[in-house]
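In the form predicted on its own, a lone chain appears below as structure tokens.
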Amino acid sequence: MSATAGELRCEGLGKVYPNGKKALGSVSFSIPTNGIFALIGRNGAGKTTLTRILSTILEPSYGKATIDGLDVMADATRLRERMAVVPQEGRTISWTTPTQMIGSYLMWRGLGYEESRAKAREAIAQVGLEKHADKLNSTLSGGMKRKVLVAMVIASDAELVFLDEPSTGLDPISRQELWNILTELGKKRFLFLTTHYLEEAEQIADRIGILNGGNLVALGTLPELRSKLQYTYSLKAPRGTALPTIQGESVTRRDGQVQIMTTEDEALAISKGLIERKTQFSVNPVTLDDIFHYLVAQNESAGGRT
């Protein structure tokens, strides 16, 4: 595979830490560098490791990654000029104000004092914190602090933005406000974000990748991920009830509830069979949560292979 402009590409990318822990297997994929890409997975799936490699912070053990044709290791300096990164452990500087912190960051990136201060205030207003622009960061709430970090990214004018679990720890209202900001930002920049909030990926991402045990188990738009499993049935049948023959995936939970994930073609036949057996059921379009659990379970039953 050859690297091209307008594309993020991984080729057999892997990371093994000195203690022998394998954080990433041989990960290969390509996505356009526009819109919002969300990488989802459980804790320990390898999301942060992959993000750190792609944002030129961590060296891979093997394989290759390029962004717009530039190698993340060999061309790291050139890529960093176009990047802004908010790591999972990113924090505001407590003894500075949002204006001071963002202005200093912009001066570090090469802007003059007056321009840095003006752009800092403009970005702070964009995230709705203008009333807090000159308060110490230590006095701000957790949600406000995350918004300051996002404002820093906005002010940078970076084309490539990496956000590692940006909404972790936020209350539902602050999280929704942040999603609105990121959605607008994604119209002009390329956003690569990680999250374990499936609703976050479902609401704001143009493309979604599912990582499990260091392996990429799925990649695509939400409609593409839904294409094989379009409907989910939930039912509780009396013990011994014969269920209709299905082509989809059937899972019986500990409480006796049966969940069936299937295609549109199979849905009508399943419904008829359940009605004939006088079995109560509900049917809904499959959610990202359904898809995630199904694909992760498939990957683990196959021994973690992609």
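Numbers for residues come from their place in the sequence shown, where the first is 1. Predicted model only: the values in this text are computed from it and were never measured.
Form predicted in complex with a small molecule: not shown, discussed below.
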{"property": "Contact assignment for the small molecule in the predicted bound form, among Leu13, Ala23, Leu288, Val296, heavy atom within 4.5 Å", "result": "Ala23"}
{"property": "Candidate from Asn137, Gln176, Gln126, Gln88 lying within 4.5 Å of the small molecule in the predicted bound form - any heavy atom", "result": "Gln88"}
{"property": "The small molecule contact in the predicted bound form: Glu200, any heavy atom under 4.5 Å", "result": "no"}
{"property": "Contact of His196 with the small molecule in the predicted bound form (heavy atom, 4.5 Å)", "result": "yes"}
{"property": "Exercise: Val27 in contact with the small molecule in the predicted bound form, heavy atom 4.5 Å", "result": "no"}
{"property": "Distance check, Asn43 to the small molecule in the predicted bound form, heavy atom within 4.5 Å", "result": "yes"}
{"property": "4.5 Å heavy atom contact with the small molecule in the predicted bound form for all of Thr33, Asp71 and Thr221", "result": "no"}
{"property": "Among 275 to 283, 260 to 268, 63 to 71, 48 to 56, the region lying within 4.5 Å of the small molecule in the predicted bound form by heavy atom distance", "result": "48 to 56"}
